[in-house]
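This document opens with one chain alone, in structure tokens, the form predicted on its own.
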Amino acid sequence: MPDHDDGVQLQVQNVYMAFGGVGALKGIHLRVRQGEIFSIIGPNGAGKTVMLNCISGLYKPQRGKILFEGKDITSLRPYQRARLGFSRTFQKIELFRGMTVLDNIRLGRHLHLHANLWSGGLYFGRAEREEIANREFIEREIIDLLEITHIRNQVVGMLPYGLQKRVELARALALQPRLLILDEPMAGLTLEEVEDMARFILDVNEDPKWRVTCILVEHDMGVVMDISHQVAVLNFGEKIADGKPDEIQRDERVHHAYLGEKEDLYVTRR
């Protein structure tokens, strides 16, 4: 029976990646089930972002495979994975700073635009209907969800860092992803902003209107242990642990590699 039939949506099989002879990923295996929040943690340089780049298609592994719903996507480019429903935020914010919040979010809808050059240029028929539908979706399902109505017409570059992070999540959601890849969404945020971001991630994961599978790289262990269904731990390019948050909290290899004293693991945000 195919692996995706047991609920596994994404598989990373024996993936290797090296740069200049230095192994960034050394035979990594991951299994992400549909509808879960799967977190990848580890110290700086462990290979977390490299792993996300392989999953999203920015890097092609030198060995191994990546499968999505049972299909080999190892050679697909990022735009091809976007068509399958992959969407992503970045550790360093990648927004168009001179554009408004609304225009940045609209860019995430590009795969849902199908009007031809003729109708698009004259703005009638299919082009007009698509524009109205996309605008309604953004307003109703994204701007309201992320509580950014008050900044919708502001220029992104003039916004505080925390709100820019929220706009980047909004743009990723505009694609209506099936798999949402989040690279340190809590980095640089205040405690209140972290709590809001964690709530938004839970909303898109749990709300029946979304039910998005999430792959999360994050250093805030309180958030990771509180919202994740499954956690994988990388260290020097190797996976040293993989399990439910309570199992990871008890794993001595994880403590030695990254997390420090045990009491640090039990900080929660709820």
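Numbering starts at 1 and runs along the sequence shown. Keep in mind that what you see is a predicted model, and the values were worked out from it rather than measured.
Another form exists, predicted in complex with a small molecule; not displayed. Remarks below refer to it.
Contact check for residue 59: a heavy atom falls within 4.5 Å of the small molecule in the predicted bound form. Proximity of residue 91 to the small molecule in the predicted bound form: non-hydrogen atoms within 4.5 Å are present. Though the partner is left out of this view, residue 24 does reach within 4.5 Å of the small molecule in the predicted bound form, counting heavy atoms only.
The closest non-hydrogen atom of residue 29 lies beyond 4.5 Å of the small molecule in the predicted bound form.
Proximity to the small molecule in the predicted bound form, taken as heavy atoms within 4.5 Å, picks out 45-53 from the listed stretches 220-228, 200-208, 60-68, 45-53.
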